[in-house]
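Given as structure tokens, the chain that follows is alone and in the form predicted alone.
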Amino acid sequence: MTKIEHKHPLAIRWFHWINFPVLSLMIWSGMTIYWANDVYRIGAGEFTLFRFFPAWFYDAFDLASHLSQGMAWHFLFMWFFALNGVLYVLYTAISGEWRYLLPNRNSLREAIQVTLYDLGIRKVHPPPRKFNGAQQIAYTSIILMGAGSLATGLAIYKPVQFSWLTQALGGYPWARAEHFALTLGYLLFFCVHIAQVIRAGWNNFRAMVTGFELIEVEDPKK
């Protein structure tokens, strides 16, 4: 027997779907800025084992030679990114949705169980609920990462006006490295999140679009 159950409020769905293209555009425009001073690599001294983004990458995605355009887009969408994040936090705090999202003392244990189940190591599925421990930790981390991106972004955009913030983050080079590391974190989250959505199936995706999901319940007449 199939039952329709409400899962995600309209506001949560709007914040989610607005954030996805905005953050994607922030990453794209950030890459055009990064092209002008591609400093990060893995190596020692003059020896470079691995560069994060070789020249062909910028050429393939048409990211080279668009520094001023990238900066303009980055600073424009920064306002949408910040506003969407602030409204999301305010909504979850006022509506009480934070109760489902914030990790608790059982979240880490449940996150390990979910991970083992997804890897096929554990055969017993954790008890289903709105957000499991892994999701609570991941979604809360994304909010903290967003705040970190805004702080590090301001620190490297206005290092004189926000000198106190730049210094608190370890100085300009450290703030820039932290901003870059957070971007890599978003890319990793995207990959894992999309893989999890595909694995969870159409019902889970539909719930984030319509707000409702179909669940199987036992027929009381049986």
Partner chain sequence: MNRVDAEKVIRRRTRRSFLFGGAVAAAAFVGGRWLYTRREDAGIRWPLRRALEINEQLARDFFDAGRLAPTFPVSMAKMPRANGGVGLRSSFDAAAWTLKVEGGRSDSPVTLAQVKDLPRVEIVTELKCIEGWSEVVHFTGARFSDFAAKYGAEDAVEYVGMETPDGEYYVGLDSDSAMHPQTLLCYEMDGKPLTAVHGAPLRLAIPVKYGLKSIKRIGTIRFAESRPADYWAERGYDWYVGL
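Since this is a predicted model, take the numbers as computed values, not measurements. Residue numbers count along the first chain shown, from 1.
Here the subject shifts to the form predicted together with its partner chain, a form of this protein not shown in this document.
Comparing 192-200, 52-60, 178-186, 31-39 against its partner chain in the model of the complex, the single stretch with non-hydrogen atoms within 4.5 angstroms of it is 31-39. Contact between A11 and its partner chain in the model of the complex is not found at the 4.5 Å heavy atom cutoff. V160 belongs to the set of residues with a heavy atom inside 4.5 Å of its partner chain in the model of the complex. Although the partner is absent here, I27 lies well away from its partner chain in the model of the complex, with no heavy atom inside 4.5 Å. When its partner chain is considered in the model of the complex, G43 lies well away from it, no heavy atom lying within 4.5 Å. Of all the residues from 69-93, those having a non-hydrogen atom no more than 4.5 Å from its partner chain in the model of the complex are Q69, M71, A72, W73, F75, L76, F77, M78, W79.
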